[in-house]
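Only one chain is included here, represented as structure tokens and corresponding to the form predicted on its own.
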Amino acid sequence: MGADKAVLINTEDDLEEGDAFTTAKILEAYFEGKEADLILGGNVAIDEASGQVGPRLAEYLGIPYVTTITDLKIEGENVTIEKDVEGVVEIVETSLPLLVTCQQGLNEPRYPSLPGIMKAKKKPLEELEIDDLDLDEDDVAAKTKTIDIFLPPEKEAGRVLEGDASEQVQELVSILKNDEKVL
């Protein structure tokens, strides 16, 4: 959809597990020596959903970053960004180089035509491993460990309190005191 080339950094053979630190360090090594004006990243990944990779990468590269953006305008070196903060639009002004993490709705993608798809097949795909980035496994070893993954307990059905308001209050206090033990 408009890219000039793609890069795939394969870690399967070198790393058993990774985390946000791992991903950010690998990307830092990839961007080392390259001059990027704008790095667009996703807001969160579906694996950990921590939202840490973009900010970590920007810190490692020493460039400013803005997360969860919904609009982006670039005029020369100046950048105006809109981001949704709990239902309110916040406007941020900064300059390039810059890393942003993008919210859904930032743009409406243009889907490629059949000739565009055929041209995309001829675009270069660079495949790298962490050795190609002069990294060792120890340099990018995960800093976090998942101990357990589980679903929350099923919610019990609600209870309807009967009687007038004072009877309902008495029953509610009794439930909170005796059943739930919060009073």
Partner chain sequence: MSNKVLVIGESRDGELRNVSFEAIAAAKKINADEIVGVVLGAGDLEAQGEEMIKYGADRVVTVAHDNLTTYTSEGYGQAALAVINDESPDGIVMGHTSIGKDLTPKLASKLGSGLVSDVVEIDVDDDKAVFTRPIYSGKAFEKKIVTDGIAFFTIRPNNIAALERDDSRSGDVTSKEVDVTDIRTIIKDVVRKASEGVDLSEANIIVAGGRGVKSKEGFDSLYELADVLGAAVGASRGACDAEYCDYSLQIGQTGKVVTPDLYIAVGISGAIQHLAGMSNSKVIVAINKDSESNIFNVADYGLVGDLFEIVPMLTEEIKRLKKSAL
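Because the structure is predicted, anything quoted here is derived from the model rather than measured. Whichever C-alpha set is largest while still superposing within 1.5 Å between the two forms counts as the rigid core. Positions refer to the first chain, counted from 1.
Not pictured, yet referred to below: the form predicted together with the partner chain.
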property	result
4.5 Å heavy atom contact, residue 142 to the partner chain in the model of the complex	yes
Residue contact check: residue 104 to the partner chain in the model of the complex, 4.5 Å heavy atom	yes
The partner chain contact at residue 10 in the model of the complex, heavy atom, 4.5 Å	no
Contact label in the model of the complex: residue 15 to the partner chain, heavy atom within 4.5 Å	no
Stretch from 126 to 134, 110 to 118, 50 to 58, 31 to 39 whose residues place a heavy atom within 4.5 Å of the partner chain in the model of the complex	50 to 58
Within 4.5 Å of the partner chain in the model of the complex: residues from 148 to 183 (heavy atom criterion)	148, 149, 150, 151, 152, 155, 158, 159, 160, 161, 165, 166, 168, 169, 170, 172, 173, 175, 176, 177, 180, 182, 183
Post core alignment: residue 16 C-alpha displaced by 2 Å or more between this form and the one not shown	no
Rigid core superposition, residue 114 Cα moves 2 angstroms or more between this form and the one not shown	no
Core superposition between this form and the one not shown, C-alpha change of residue 155 at least 2 Å	yes
